[in-house]
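Take a look at this single chain, the form predicted alone, given in structure tokens.
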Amino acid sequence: MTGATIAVVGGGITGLAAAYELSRGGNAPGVVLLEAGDRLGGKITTTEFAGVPVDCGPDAILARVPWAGELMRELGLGPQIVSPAAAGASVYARGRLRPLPEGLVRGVPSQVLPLLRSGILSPSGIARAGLDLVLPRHNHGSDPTIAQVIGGRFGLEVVDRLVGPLLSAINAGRADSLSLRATAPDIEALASGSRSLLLGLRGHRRKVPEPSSLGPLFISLRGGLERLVDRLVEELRAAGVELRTGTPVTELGRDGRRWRLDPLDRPVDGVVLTAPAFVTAPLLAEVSPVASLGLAGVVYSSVAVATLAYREAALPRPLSGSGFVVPRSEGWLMTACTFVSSKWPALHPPGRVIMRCSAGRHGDNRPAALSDDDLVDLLHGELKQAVGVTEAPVQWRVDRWDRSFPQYGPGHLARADRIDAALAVGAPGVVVTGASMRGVGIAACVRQARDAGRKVWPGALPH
């Protein structure tokens, strides 16, 4: 270990992964991690519910981008990785749940016949989607929204009932305000390189392996994702990383060629900022006004997650698939529902069925105005309509994730580039990373964290 010290601000998955990256190897600096809250892990939290460990924040990790899975295996958690048992999801459209058709790529259709058979679109919606094959190429500008590109090719029904609920779900956003480039760069590349997006997707699918040969799309850990947090904390403590909870950082300033953070009693050689943009922006106001202004422009949305346990006898039939999404045009409070007991068979208590309902997205703040009891009552009413539950839940809990989902609007990636460039010139040794920058999922945050660790301390071990 060297005599240098790096401070990591924020103890969510990004901060923990950054500290882990920095603490590896014989040339590692000293690391101190500062978290304002009373626990580590951020939105990753697992609690016992109906006798089983249920995740209250994210319940799965995207497996086909490798960074989080690689970290799990590196930490010795490989034998504990599990994948969903239930395949397939549905969308609530035209009065009932309808299975998503085959051939979707991030919600965008690559085949017409399965879309026709699904019943998700109206006859006019099907006809409009088919116009993609004959419409001329259109230039939507340098950074269009999801709705501009996909709606321009397939029509608004495809955006509303398929692409919007699926592609924008991870951001709790809206297809008409999210950048396609920032949220689905692969789709954006195909759209800009092909006259017909449907034909472009079809050609792309022929060039890549069948999805079944790529392994599971999602993974988790036996016992819940908080086990990843616990294992990281164990490794950090063993490596001598100083972990401080209940320690908000209120000031960042220069100390000669080093950096001073209040409340630290000593200067540090580098800083990795992983807190939300609205927390980080004020810290940078003096040392990098351009970066501070850029972060202050990141808009966030809030989500409430209600976990409900029902008697198995309260359902008229067994639940099929992993869950369903709800288009914004339905006007429902619910945006998505996970059939926890079908998706993860280990989370199926005897005689009980567990479901997780999400509510709230960018521009829809209704959940914030509702009490927990009223929120659950309304979501239960929507579940009655969707899956036919005949009794009230026997147990429930509500978790509220306020200002937790940054919105990647048009120009977001250019803003992230400006922030990086401003820090490189005006505040060398300070790095901003995490969900506010280039990816909101756990896997994307792990990738950014490890990149940030190597950036602020180039002597970090390669992997």
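From a predicted model like this one, the values you see are computed outputs, not experimental measurements. Start at 1 and count along the sequence shown; that's the residue number.
One more form of this protein, predicted in complex with a small molecule, exists but is not displayed; see below.
Looking at the partner-bound form in the predicted complex, is residue 414 within 4.5 Å of the small molecule by any heavy atom?
Contact with the small molecule, no.
Taking the small molecule as it sits in the predicted complex, is residue 111 in contact with it (heavy atom to heavy atom, 4.5 Å or less)?
Flag for residue 111 set to no.
May I ask you to check whether residue 220 falls inside a 4.5 Å heavy atom distance of the small molecule in the predicted complex?
Judged by the heavy-atom cut-off of 4.5 Å, residue 220 is well away from the small molecule in the predicted complex.
Residue-level contact is defined here as any heavy atom of the residue lying within 4.5 Å of the small molecule in the predicted complex; does residue 52 satisfy this criterion?
Contact check for residue 52: no, nothing within 4.5 Å of the small molecule in the predicted complex.
Looking at 116-124, 324-332, 132-140, 245-253, which one sits within 4.5 Å of the small molecule in the predicted complex if you count heavy atoms only?
Going through the listed ranges, the match is 245-253.
Could you spot which one of 216, 103, 267, 276 gets a heavy atom to within 4.5 Å of the small molecule in the predicted complex?
None of the other options qualify; the answer is 276.
Please pick, from 429, 30, 410, 57, the one residue with any non-hydrogen atom lying within 4.5 angstroms of the small molecule in the predicted complex.
Of the listed residues, the single hit is 57.
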